[in-house]
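The chain that follows stands alone, in the form predicted alone, written as structure tokens.
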């Protein structure tokens, strides 16, 4: 449908789905306010996700702060790697995403994974121009720009902090507590739905690229050697896959079942394949058009710093493919980093089926020697010697052992290290779990559902705009109208509306304008059913009302006492 993006934007503003924030003050790019219809649609999608990926799988949901101290993001790698490429026009001063300029003006579809040098080369070779003033950008440098919002915690300069760019770190940093809650038993999953913040260089397309967004994330902690997903639960689900190989060979994607994708090694991780299967079912249930949908595998140069493999769920709107979910195998990267940087233990004790005997090497440095000799460095030197005894026991064969602290080396007499080899009986070992992460962009899900539900047709020779939303996510399930608000019709309609609300339905009451206009208003916001109370309602025994179906526009009489069951 031509210019669907514009139509969705106009409908959303007119009917209360979403609009730019603070338009009374000129607006601010990258921030959107969800109106009454949009907030309810978004909430329904979140609740549906919660049911599918948290409650029904036995995972547990948490809620972490949106501001965290700098140390968390130093450990996670976001301070160094959470960047986009920026180019600033020397003429008008407009800052733009350099990779977006390349994608919008060349045949290159995915430039985000390119290096800054490569982007500069493409801009120069194609004489690409500023999207605002048409100034030539050929000789302008492309630089990395960190997307995190910086803030201070506490008065004055305070402690450095950042608004989180993903909800995941709020889960990872608290892992030592969560493993205790789960009695140190793998696997287990922790979920979270909440706000994240990214200081986007050039926000665009309404809900597609924003600076404040809602994520629904699942961090599934597993033992990579033992834990396997129940693939049989999803093995027959058809997946539309656009693999790395297909992209490199300029081929279209292919369809295969989850089982076939695993057996043919198209998807390397059983866990990723499992969640792609679950997600496919869910996307369909909330109204994603599976003809405008695919799973695309990340190229090696676009993988995040934490991921060994990642597949994006992408929806198509106006010919563009939009990432709506990332399915990443994060390995032990995050927990290992927090284990190294913090003072907490991010391992889980894995108990063996039977005790085993194991040869170990240990050192017990003589602190009576190290203390007087090296002062406040003695404890660090002892720790280095103990690490070396476990990892490099051969180095204890000479007269001295080297211990390095920062840029300085210390030669410690081997006899003062108390090195020994011995056999111990072990009942288990400490392991750092691996993480499988499906991360859903709720705002983009809302946008996709609206775009895929949008339709135009004719009813009674009149053009009609209709959102064919599924009943699971529609903001309002049923609207109740009196034919007119007189002769007791309004009172009866309000009574029926109240009764349906008591029975758990989302109900809207409307008595303004003619009945045709009221139908059109509800069609535009995706309400599946409209109930009309007319004079026949008051005359019938038992009482009946007219129920109109949104998609077919067909109407039928239904007894009031049977409305709940009918709906």
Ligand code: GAP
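Positions refer to the first chain, counted from 1. Please read all numbers here as calculations on a predicted model, not as lab measurements.
One more form of this protein exists, namely the form predicted together with the ligand; it is left out here, but the text below deals with it.
> So which of 85-93, 451-459, 263-271, 208-216 is the stretch with heavy atoms within 4.5 Å of the ligand in the predicted bound form?
Heavy atoms within 4.5 Å of the ligand in the predicted bound form occur in 208-216.
> Please run the contact check for residue 120 against the ligand in the predicted bound form: heavy atoms, 4.5 angstroms, yes or no?
Contact with the ligand, no.
> Is residue 437 close enough to touch the ligand in the predicted bound form, meaning at least one heavy atom pair within 4.5 Å?
Although the ligand is absent here, residue 437 would touch it in the predicted bound form, with heavy atoms inside 4.5 Å.
> Within 4.5 Å, heavy atoms only: does residue 325 come near the ligand in the predicted bound form?
Yes, residue 325 sits close enough to the ligand in the predicted bound form that at least one of its heavy atoms falls within 4.5 Å.
> Would residue 385 count as a contact of the ligand in the predicted bound form, using a 4.5 angstroms cut-off between non-hydrogen atoms?
No, residue 385 is distant from the partner.
> Please identify the residue among 475, 441, 482, 277 with any heavy atom within 4.5 Å of the ligand in the predicted bound form.
The residue from 475, 441, 482, 277 that makes the contact is 441.
> Could you tell me which one of 493, 335, 168, 137 places a heavy atom within 4.5 Å of the ligand in the predicted bound form?
Exactly one listed residue reaches within 4.5 Å, namely 168.
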